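Shown below, as structure tokens, is a lone chain in the form predicted alone; questions about how it binds or moves come after it.
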Amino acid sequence: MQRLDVTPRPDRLERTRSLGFAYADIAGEPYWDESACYRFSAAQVDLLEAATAELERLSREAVEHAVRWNRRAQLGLTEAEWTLAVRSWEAREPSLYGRMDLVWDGGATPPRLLEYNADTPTALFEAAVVQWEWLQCENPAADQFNMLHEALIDTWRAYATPGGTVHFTCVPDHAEDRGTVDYLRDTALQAGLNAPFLHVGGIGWNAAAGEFRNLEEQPIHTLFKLYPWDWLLAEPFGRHVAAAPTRWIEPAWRLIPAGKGFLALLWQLFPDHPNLLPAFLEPGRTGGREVAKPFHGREGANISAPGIETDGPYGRQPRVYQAWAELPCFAGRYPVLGSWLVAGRPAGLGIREDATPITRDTSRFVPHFFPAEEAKGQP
């Protein structure tokens, strides 16, 4: 694993905009960063893929344990959230996608899980499409750990009847969320589905029919939501979610692995696993330096780590205390490896860098590749 300096294409913004990537720059600063890339070996990609599959296996075992032994309080979920999550898990509702954030420098220490973005992961479009276009333009003889686009289309085909309708929603006026949703809509359309968009505020409850409907009074049978479950349940229509026949993507059981309290449960069930970091609900038990994370924090907010304090709106939440594993530093940048899953299977890699060891909403996305002559079955 090497970080290489490269020269950005002079038409970088024009190319990314032609792909529909509206947030390549954010507030005048580059988010999509072509001034560097990461080089892996095929063996390192194989190791990342295997570690991701193993962590998914552990996570599903831990969800089953949580449901069987009612670990609601340990996970910091409300009664309403827990009831929905348990019902969803017992129905074996399928997951579309998720992203595991891993710490790894490519060396002998295995990749280890920092957290599981199991409910509303973003940075998908840039991982699936934008960095692939960069590779084809700049290094077409190389390869990339990136099966995301094809896997998403295949999964939509498996999950929904061709010609059927999946509604898509997200928070209004958020470029990254809307870009992610529009990309997923495109994959659904390519799978032969109808994929209308509506804002969260356009979801209405029809009491007479006992179902959610859109602004045209059409039933919402299936809804992909890039909107956290806790926010959804707090909406005026949230009290009807349990009674509605709507199928939700991501399903409610994803509330369980999405919370940071899940990290402590994983360590409790699988202590000393090489792909996990020690994590507890009480401080001082990791045996060294540790980072405190709010149960339902997002984008690096309200993190307490050695020499670091970030602000944010989650300061009153309970916290999990995880052993401090500082991200590797390359040329003053700290990369976190976002390992993607589609339908529970490893499907690709996206890398975000920050100027500090805490990955925040000011991080940058950088592409990666590995030499094609080393490829072992990669696309």
Partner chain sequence: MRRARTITLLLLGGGAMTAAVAAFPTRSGECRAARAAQDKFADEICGRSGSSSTRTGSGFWGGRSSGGATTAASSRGGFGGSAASFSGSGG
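This structure is a prediction, so every number in the text was calculated from the model and none was measured. Residue numbers count along the first chain shown, from 1.
What follows is about the form predicted together with its partner chain, which we do not show.
Enquirer: Applying a 4.5 Å heavy atom distance criterion, does His174 contact its partner chain in the model of the complex?
Expert: Yes, His174 is a contact residue.
Enquirer: Quick check on Val63: any heavy atom within 4.5 Å of its partner chain in the model of the complex?
Expert: Heavy-atom contact with its partner chain at 4.5 Å: absent for Val63.
Enquirer: Give a yes or no for Ala372: in the model of the complex, does one of its heavy atoms lie within 4.5 Å of a heavy atom belonging to its partner chain?
Expert: Although its partner chain is absent here, Ala372 would touch it in the model of the complex, with heavy atoms inside 4.5 Å.
Enquirer: With heavy atoms only and a cut-off of 4.5 Å, decide whether Pro94 touches its partner chain in the model of the complex.
Expert: Looking in the model of the complex, residue contacts with its partner chain include Pro94, since a heavy atom lies within 4.5 Å.
Enquirer: Indicate whether the candidate residues Gly202, Asn214 and Trp231 are all in contact with its partner chain in the model of the complex, with contact defined as any heavy atom within 4.5 Å.
Expert: The answer is yes; Gly202, Asn214 and Trp231 each reach its partner chain.
Enquirer: Of the options Met147, Val103, Leu281, Leu277, which one has a non-hydrogen atom that comes within 4.5 Å of its partner chain in the model of the complex?
Expert: None of the others qualify; the residue that does is Met147.
Enquirer: Go through Ile308, Ala243, Ala73, Leu189 and name the one with a heavy atom inside 4.5 Å of its partner chain in the model of the complex.
Expert: Contact check passes for Leu189.
Enquirer: Name the stretch, out of 74-82, 104-112, 266-274, 231-239, where some heavy atom lies within 4.5 Å of its partner chain in the model of the complex.
Expert: Within 4.5 Å of the partner lies stretch 231-239.
Enquirer: Is any part of 115-136 within 4.5 angstroms of its partner chain in the model of the complex by a non-hydrogen atom, and which residues would that be?
Expert: Read in sequence order, the residues that approach its partner chain (within 4.5 Å, in the model of the complex) are Asn117, Thr120, Pro121, Thr122, Phe125, Ala128, Val129, Trp132, Glu133, Gln136.
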